[in-house]
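So this one's two forms of a single chain, laid out as structure tokens and tagged structure 1 and structure 2.
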Structure 1
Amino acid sequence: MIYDVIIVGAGPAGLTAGIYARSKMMSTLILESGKVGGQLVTLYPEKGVHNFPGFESVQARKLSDKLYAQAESLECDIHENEQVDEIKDGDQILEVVTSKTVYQARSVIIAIGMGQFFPKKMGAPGEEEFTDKGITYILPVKEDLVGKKVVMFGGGNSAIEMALIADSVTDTTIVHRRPEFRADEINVKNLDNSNVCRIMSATVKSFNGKDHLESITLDQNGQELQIPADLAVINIGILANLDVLKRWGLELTENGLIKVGYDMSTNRHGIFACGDAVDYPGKYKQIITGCGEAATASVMAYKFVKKPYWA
């Protein structure tokens, strides 16, 4: 079978691309190297998403589930745990080589987000020792937070939103190394109106305990501060590995991301891209932005493949 489009990645952008491709009745295959959902389910499944249109607030995992269900209802073929290794030029088609087989497609949309990614670590003494013993990089479900002293590290939207979730059920502190947060103003306002304790301009000297995390030693403006903690949630960013983009022959920007035109086209004929993996002047990494780019990429792939009279 030759697919009209193969979409690489099943995060919000990839699933949206599939939804739009099927609205054009394009035969569509979505390949995901891990589990469907991307960062929504891998990094912060319990976090509330407050800026996706149509939802006052929606849990990240539930937003992923809704996109997944819609793509499936439109009969997208979706394969999990299938890594794409190569994308080759064939005779008027593209060959997508995966860890399992080779597929043929008339067009390809790259929507791999940040590729293979891992949470950034703080590198402080005790961090490795107490990982999964009181230190985590993903917020547990609220039921597992009750009665614990939770300390959140980070200054972005995700860190604040997760601190607010924890604050709804237990004592919560947020620690940031700078004097100001980099999060959206609405999240900072919500934090101001919460019971979350804030410790600013502070860095970690050590995580302490015996068999489990018991306390954290901080350096705040040269002063040592020790705070009790049952759970430390570290949310200071991710380390991404996008080396695969070089193997696929895609032109990259100085940031190591895919260079695209206004129509989400890449330097390779018939290959389009969208989401966090692409870069252009003014790029703003948000779920809704990636979904908008995905709609454009799908329509351009449709024009490329079907060549409608109006294109």
Structure 2
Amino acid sequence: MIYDVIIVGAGPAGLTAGIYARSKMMSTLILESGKVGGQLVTLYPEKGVHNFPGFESVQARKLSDKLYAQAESLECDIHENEQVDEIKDGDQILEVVTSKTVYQARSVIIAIGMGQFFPKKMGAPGEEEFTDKGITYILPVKEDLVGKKVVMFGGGNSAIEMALIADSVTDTTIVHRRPEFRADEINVKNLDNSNVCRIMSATVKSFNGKDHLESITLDQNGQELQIPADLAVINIGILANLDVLKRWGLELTENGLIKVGYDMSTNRHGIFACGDAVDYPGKYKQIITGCGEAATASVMAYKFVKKPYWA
């Protein structure tokens, strides 16, 4: 079978591209190297998304579930755990080589977000030893926090929002290495109005315990501080790897992201792109912008493949 469009990546941009492609009756396959949902399920499933139109507030994994359900109900073929390794030019078609097989498509939409990504580590003594034994990089579900002393590390929006979620069910502390947060005013204000204990200008000297994390030694302006902890959540950023884009012969911007035109076209014939993986002046990495770009990418793929008389 030759698909009208193959979409690479099933984050919000890829799922939206699928929804729009199917609404134009294009045969559509979405290939996802991990689980459907992208950053929403991998990095912040418990966090509330407060800026997606139509929802005053929606938990990230629920928003992802809704996009997934909508794409499935429109009969997108969706394959999880199937990584795209190559996109080759064939005879009038594109060949999409995955970890499992080779597919043929008349067009491709790349929506791989940050590509392969991993949470940044602190590199502090004890961090490796207690990973999954009291140290985590993603906030567990609220039920698993009850009764635990949670210590959140980080000073951005994500760390504050997750500290607030934890605070709604348990004793929570936030530790930041600088004297001020680098988060939105609204989040800092919400933190001010919460019970979260703050420790500013502090770095980790060591994570301590026997079989499980029990305490953390901090250095605060040269003073040693020992705090009890059952769970340390490290939220200090993400390391992304988009090396694959060069291999796919795509023109990149100086930020290492896919250079797209106003119509989400790339330098490769029949290949469009959307979401966090693309770059243009004024690009703002958000769910709504990725979804908007996905709609454009899909309609341009439709015009490319079907060549309607009105296009």
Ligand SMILES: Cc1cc2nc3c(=O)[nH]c(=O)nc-3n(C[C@H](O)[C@H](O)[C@H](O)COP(=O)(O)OP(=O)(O)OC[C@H]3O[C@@H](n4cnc5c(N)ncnc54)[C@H](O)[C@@H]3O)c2cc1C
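It should be emphasised that the depicted structure is a prediction, and the values quoted were computed from it without experimental measurement. Residue indices: 1-based, along structure 1. If you superpose the two forms and keep the largest set of C-alpha atoms that fall within 1.5 Å, you have the rigid core.
> Is the form predicted together with the named molecule structure 1 or structure 2?
Structure 2, which is the form predicted together with the named molecule, differs in this respect from structure 1.
> Whole degrees only: how far is the smaller rigid part turned between structures 1 and 2?
Rotation between the two rigid parts between structures 1 and 2 amounts to 12 degrees.
> Give the rigid core superposed Cα shift of residue 180 between structures 1 and 2, in Å, rounded to one decimal.
Comparing the two forms, residue 180 shifts 4.3 Å at C-alpha.
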